[in-house]
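This document opens with one chain alone, in structure tokens, the form predicted on its own.
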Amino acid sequence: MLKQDLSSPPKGFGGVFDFVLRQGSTGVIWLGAIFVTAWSMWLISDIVFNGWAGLSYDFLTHTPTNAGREGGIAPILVSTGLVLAICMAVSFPIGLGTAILLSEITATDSWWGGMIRRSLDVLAGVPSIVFGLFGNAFFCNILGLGFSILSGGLTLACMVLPILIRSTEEGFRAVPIAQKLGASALGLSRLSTLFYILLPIAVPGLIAGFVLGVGRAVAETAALIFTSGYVDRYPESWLDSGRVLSIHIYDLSMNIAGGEAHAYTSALVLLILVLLINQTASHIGLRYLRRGVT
């Protein structure tokens, strides 16, 4: 059978209409991709151009002074790292376990499994300010944690869980049924099948959920204003208040006159931090996938 030449319009009115529609759809897709790429490059270049001059070792290791207009962001980085550590330490095992429960143990047509998935989809679209008010009411007041690093991390874990669970579940469901049948034929237990066959194949979905979750958590502002606090000093414990990078950038750009320069530099540090986390997660996932395959 001869291959059709897609570059030349076929004969007939219907063929010409299909050709125009196909070429128009391709043009729209390319136009959208170019627009998104150009917009992203403009944002990144603006942050790099305005923030690169202030980036230095002293900026990363000194404490902020003069309401953040001078000094560095060392306590801000410590608070950000602690909040992220709590968030991922709580959300990762719960998210992975829930995804395994929904994909490998719960029947596809189970009503309660469908209710959980629907609830997760709804929670994924809830505005961050709602999570912040919930975290303030539950973690800060009811549990008595107050404005603290722990309250902020737990609130972010609640935000990250829907994305992490759904992405990981889809990764497990993408595993071919032949892999599971082959493992059963070889006499592998369900636990061995899960860790040595299913999990390595589902790693891309797990990494995608992790990266999306971390990206949302590290750039979150509204939820953390009501939970982790606003002070720009070093936190003394998990129960002490601390300011994260996103809140620091918001405060410098909106509330502090003359803080735009340090806001740009802090935004550049946040951008670099997100890129490093994404690359590290991708590298770990790739190594785990290769080890599972071999």
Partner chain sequence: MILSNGNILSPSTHDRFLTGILWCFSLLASLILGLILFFLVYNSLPVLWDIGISKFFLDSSWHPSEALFNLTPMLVGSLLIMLGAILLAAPLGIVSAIFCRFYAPKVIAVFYQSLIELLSGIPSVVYGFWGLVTLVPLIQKVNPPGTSLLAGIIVLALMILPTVSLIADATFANLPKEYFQGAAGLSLSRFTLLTQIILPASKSGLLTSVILAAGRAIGETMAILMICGNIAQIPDSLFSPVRTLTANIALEMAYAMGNHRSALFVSGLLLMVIIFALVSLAHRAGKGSVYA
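Just so we're on the same page, rigid core means the largest C-alpha set that superposes within 1.5 Å between forms. Numbering follows the first chain given and starts at 1. Owing to the predicted nature of the structure, the values given are computational and were not obtained by experimental measurement.
Keep in mind that the form predicted together with the partner chain is missing from the display, and what follows is about it.
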Q. Is the partner chain in the predicted bound form near all of Pro93, Leu161 and Val274, within 4.5 Å of a heavy atom of each?
A. yes
Q. Do Trp238 and the partner chain share at least one heavy atom pair within 4.5 Å in the predicted bound form?
A. no
Q) So, in the predicted bound form, is Phe131 in contact with the partner chain at a 4.5 angstroms heavy atom limit? A) yes
Q: Using the partner position in the predicted bound form, report whether Trp52 sits within 4.5 Å of the partner chain, counting heavy atoms only.
A: no
Q) So in the predicted bound form, does Phe59 come within 4.5 Å of the partner chain, heavy atom to heavy atom? A) no
Q) Judged by heavy atom distances of 4.5 Å or less, which residues of 31-51 approach the partner chain in the predicted bound form? A) Gly32, Ala33, Phe35, Val36, Thr37, Trp39, Ser40, Met41, Trp42, Leu43, Ile44, Asp46, Ile47
Q) Quick one: once the rigid core is lined up, does Met41 have its C-alpha move by 2 Å or more between the shown form and the other one? A) yes
Q: For Cys158, decide whether the Cα shift between the shown form and the other one is 2 Å or greater, given a superposition on the rigid core.
A: no
Q) For Trp52, is the C-alpha shift between the shown form and the other one 2 Å or more after core superposition? A) no
